[in-house]
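The chain that follows stands alone, in the form predicted alone, written as structure tokens.
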């Protein structure tokens, strides 16, 4: 459905995209992931000519998008784009936001456009808000309206540019639920996203972008469980884990807890599990003697149903679970009671505790 050949994009001397060639089939759900500044959004914007490519070619059903004889406005109507900043018309109601495009650009009658708009608002769960204005909606509701507005133009392809990045964690799930429903209806979608669990569960293929290239592509199982290239491996490990360095006994407990809470919210862990994670981290640190070099790492395994907390501290071998520990120590009992397993090892001059916290 989409064929890209040798696509490049320069902004002056800055090279953002380099020689990208990919094919995207009808009904595919392509997720684009990678570090910030690697050209993910620019790639999306080039596909519908919000940015004009510097070189290369783009074909939509074998129609050359960049050919001077192509009816670009008509071809672009086949693509809808959802932005991270919603871009709704503030002076129009929700219903008017959905009908203005079909009436003015598709030539539909007002009654016909409103009937379709109501169907789409039902799809995204916002029929009751059709007379409201954007300022009266939450962020998640605005983004669902933006998706419905795209669908009102009857596109064959939907482009999502980080559709949840401007939302509070509590609103992310409602937008992702709408995208899941669209996927079940066979919509072709290209999604730039940092929601890794969503990407893993939703995509037919994943593009990992780095330094302006599609550095690696493949099914989600390959990209997340068996990436083939070094930068992909490093990125996947980084986004699935949280690392906190502590160099003083006077560390900022609240900043550490804030980072851990954000990690748990990102992985949609319950408040109860989040509370266990924070408690275990505090108890593990309470067992430490040397605070000059401590590394805390947090990772979540959906497959195992556990959150792994690893505490590595420099120094001579000291097992904090046994050495100088009374049997009735409350910290030890809390750790053992809340964890699926607790292990200790000494490697490379570091005492390392491995805690697997049960996700209930």
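Being a predicted model, the structure only gives us computed values, none of them experimental. Numbering follows the first chain given and starts at 1.
What follows is about the form predicted in complex with ligand ADP, which we do not show.
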query: Among 331 to 339, 59 to 67, 31 to 39, 308 to 316, the region lying within 4.5 Å of ligand ADP in the predicted bound form by heavy atom distance; finding: 31 to 39
query: Site test, 251, 253 and 283 vs ligand ADP in the predicted bound form, non-hydrogen atom cutoff 4.5 Å; finding: no
query: Ligand ADP contact in the predicted bound form: residue 16, any heavy atom under 4.5 Å; finding: yes
query: Partner contact for residue 51 in the predicted bound form: ligand ADP, 4.5 angstroms, heavy atom; finding: yes
